[in-house]
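A lone chain, given as structure tokens: the form predicted on its own.
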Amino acid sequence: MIAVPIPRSDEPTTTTKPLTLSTTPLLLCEQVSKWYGPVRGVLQVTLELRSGLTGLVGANGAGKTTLIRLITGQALPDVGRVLVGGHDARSTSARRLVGYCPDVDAFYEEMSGRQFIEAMARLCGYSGAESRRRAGAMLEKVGMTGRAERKLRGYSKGMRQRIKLAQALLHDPPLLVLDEPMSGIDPVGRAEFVTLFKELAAMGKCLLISSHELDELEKLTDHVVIMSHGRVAAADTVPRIRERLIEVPTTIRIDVTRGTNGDDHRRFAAMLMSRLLDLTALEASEPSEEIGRLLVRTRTPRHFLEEVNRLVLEEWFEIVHLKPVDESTQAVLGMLLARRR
């Protein structure tokens, strides 16, 4: 947990320049690289964010945590620079602009939820009265008012997530960096968090939300930054990224009804091979008496799907299941990077 020192409520705030979001990015990473000895954390990452909601997605080890540590000033880049509101990310001026919700817990377990939030507010520089006011407001915002007097050691995972979010919001920062904020949250809580995040974005705040699940982030925003092996593999809207992926080599599973003769799936496979020259692999199996399964590797998924559609209409094959089997985030990222190289 990080307490960010900010001006007291009765002090002027002239130490931090006002942001002009139309011209000055709230977050700017320029060719940032970070190594841990021989291990690469991130490599040549360039990222620019203003207001709105952006998802940060990638498999474990993709570089998300390192990038977050650089943005929040917990780590120093070996190459490049990270600016928050035009200030170096490790400076006090930058940290005043950041609210950070980490993925790990770091609580004073003997405190109640309210005591913890008030203590974090005091560490930020607020007076006792202002700390109590802000703590109460934030506890209400994250739905913890009725449970705020309980000891932190008795909190569930979801309740802990809410408390971490409350402390990130305490000083009303323009940039929120949220690392796996919905981990351990029940469906009702997830819906509440989605609503809250969208409200914050509508207020003009910049939210960077990390997750390893692309589907989860799609419920929040179309704009995502996808990382793999320490690099930014793609940064765009989800539909545009998918459009780019439609022509990436893909393995597709097709379940075909075997028909009265029991070999319709093999005839289907033979016709595919005769029509499509860009198939790189095709494997047929018989998982049941009624269904035959094909695993097809194609270099041009769009053309492949168009041809499958024609073949079904012309020959009346019955397809009961068709799905890419390597559409996971990890596979997508590797292909994007290989294509870029």
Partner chain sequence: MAELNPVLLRYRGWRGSLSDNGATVTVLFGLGQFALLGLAAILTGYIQLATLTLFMLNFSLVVRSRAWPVARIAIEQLFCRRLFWGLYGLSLTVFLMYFFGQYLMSWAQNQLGESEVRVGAVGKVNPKWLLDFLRNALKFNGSAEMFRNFFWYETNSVMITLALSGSVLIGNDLRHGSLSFYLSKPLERWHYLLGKGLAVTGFLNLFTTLPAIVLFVQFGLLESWDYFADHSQLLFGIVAYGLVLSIHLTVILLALASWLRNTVPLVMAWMTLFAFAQGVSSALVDGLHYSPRWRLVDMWNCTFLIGNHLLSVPSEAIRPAPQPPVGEAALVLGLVGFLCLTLLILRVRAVEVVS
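Residue numbers count along the first chain shown, from 1. None of the values given here were measured: they were computed from a predicted structure.
The protein also exists as the form predicted together with its partner chain; that form is not presented, and the subsequent description refers to it.
Here is the short version: of 270, 202, 137, 119, the single residue with a heavy atom within 4.5 Å of its partner chain in the predicted complex is 119. A single residue from the set 147, 95, 258, 231 has any heavy atom within 4.5 angstroms of its partner chain in the predicted complex; that residue is 95.
Within 4.5 Å of its partner chain in the predicted complex, a heavy atom is found for all three of 75, 90 and 106. Interface residue remark: residue 143 is not counted as part of the site for its partner chain in the predicted complex, having no heavy atom within 4.5 Å. The shortest heavy atom separation between residue 123 and its partner chain in the predicted complex is within 4.5 Å. In the predicted complex, none of the heavy atoms of residue 79 sits within 4.5 Å of a heavy atom of its partner chain. At the 4.5 Å threshold, heavy atoms of residue 194 stay clear of its partner chain in the predicted complex, well away from it.
Heavy atoms within 4.5 Å of its partner chain in the predicted complex are found in exactly one of 183 to 191, 220 to 228, 108 to 116, 258 to 266, that being 108 to 116.
Contact annotation for 30 to 44: residues with any non-hydrogen atom within 4.5 angstroms of its partner chain in the predicted complex are 34, 36, listed in sequence order.
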